[in-house]
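Read the single chain below, which is given as C-alpha cells and is the form predicted alone.
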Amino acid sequence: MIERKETACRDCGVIVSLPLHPASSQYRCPRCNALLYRRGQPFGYIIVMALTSLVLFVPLTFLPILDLNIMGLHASSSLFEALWMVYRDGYGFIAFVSMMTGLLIPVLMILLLLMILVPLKMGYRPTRVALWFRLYEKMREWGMAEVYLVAIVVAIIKLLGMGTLHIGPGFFVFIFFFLTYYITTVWFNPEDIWFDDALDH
C-alpha cells in the first residue's frame, strides 16, 4: 500500500493527497493546475553549482564593474567600492540594506545549502538540519541579487552618453555569479531533504 500525505494547494486551497515518496517528477493541483511538488536536481549537481557561486564571489568583491572616462577624468569602481561611496555620501541605511539583500544573504543561503546537502550526499543526516532549513527558508524572502544586476544595467544605459564607458571584468563575474546562484536555488527542492531516499539522492 502506498503511503500518502495530505497537502493544501497554495493557490486555491484544495486539499490533495500525494504519495509520501513521490514516484513522479512533479504533481499538479487537480483543480487549478498549480504546481504542488517538483523533484529537484540530484544533490551532487546542486553542490557543484553552489561551490561555483562561492568561488565567483571572491573576485566579485574586488574586480571593477565599470570604467568611466569623462573629459579626461577617470573613475573605476568595484561593487563594494560603490557601496562604500553610497555609505560615505550619507546613505548608510541604503548601503547596509543593499549589501545584505544583494550580496551577503545570497552567500549565506549558499553556505546553508552546502551545510545541509554535503552531509546528506556523504550518507548521513546532520542533527541541526531543521534549524538550517528554517534559516534558509527565512532568507529566501530577502535574497535579491537580481536587483543588483538590474541596477548595473540601468547605470550602464544612463552613463553611455556621458563619456567613454568600459565594462569591467567584475560585471561578467557578477553575471556568472547571479546565474549560478539562481540555478542553485531553482534546482534545490527543500522537500527532497525529508525523504528517506535523500541520503542516496
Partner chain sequence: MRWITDIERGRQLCLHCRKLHTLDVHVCDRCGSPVHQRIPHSIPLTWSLALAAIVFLIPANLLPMMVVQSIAGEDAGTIMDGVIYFLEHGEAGIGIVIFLASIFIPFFKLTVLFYLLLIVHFKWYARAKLGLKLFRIIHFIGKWSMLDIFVVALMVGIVQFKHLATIVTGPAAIAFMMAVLITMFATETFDPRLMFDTLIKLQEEKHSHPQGSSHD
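Residue numbers count along the first chain shown, from 1. Being a predicted model, the structure only gives us computed values, none of them experimental. Rigid core: the largest C-alpha set superposing within 1.5 Å between the two forms.
The same protein has a further form, the form predicted in complex with its partner chain, not shown here; the description that follows concerns it.
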Exercise: Cys32 in contact with its partner chain in the predicted complex, heavy atom 4.5 Å: yes
Residue contact check: Met122 to its partner chain in the predicted complex, 4.5 Å heavy atom: no
Any non-hydrogen atom of Ile65 within 4.5 angstroms of its partner chain in the predicted complex: yes
Val86 within 4.5 Å of its partner chain in the predicted complex, heavy atoms: yes
Residues of stretch 60-80 in contact with its partner chain in the predicted complex (4.5 Å, non-hydrogen atom): Ile65, Leu66, Asp67, Leu68, Ile70, Met71, Leu73, His74, Ala75, Ser76, Ser77, Leu79
Core superposition between this form and the one not shown, C-alpha change of Arg31 at least 2 Å: yes
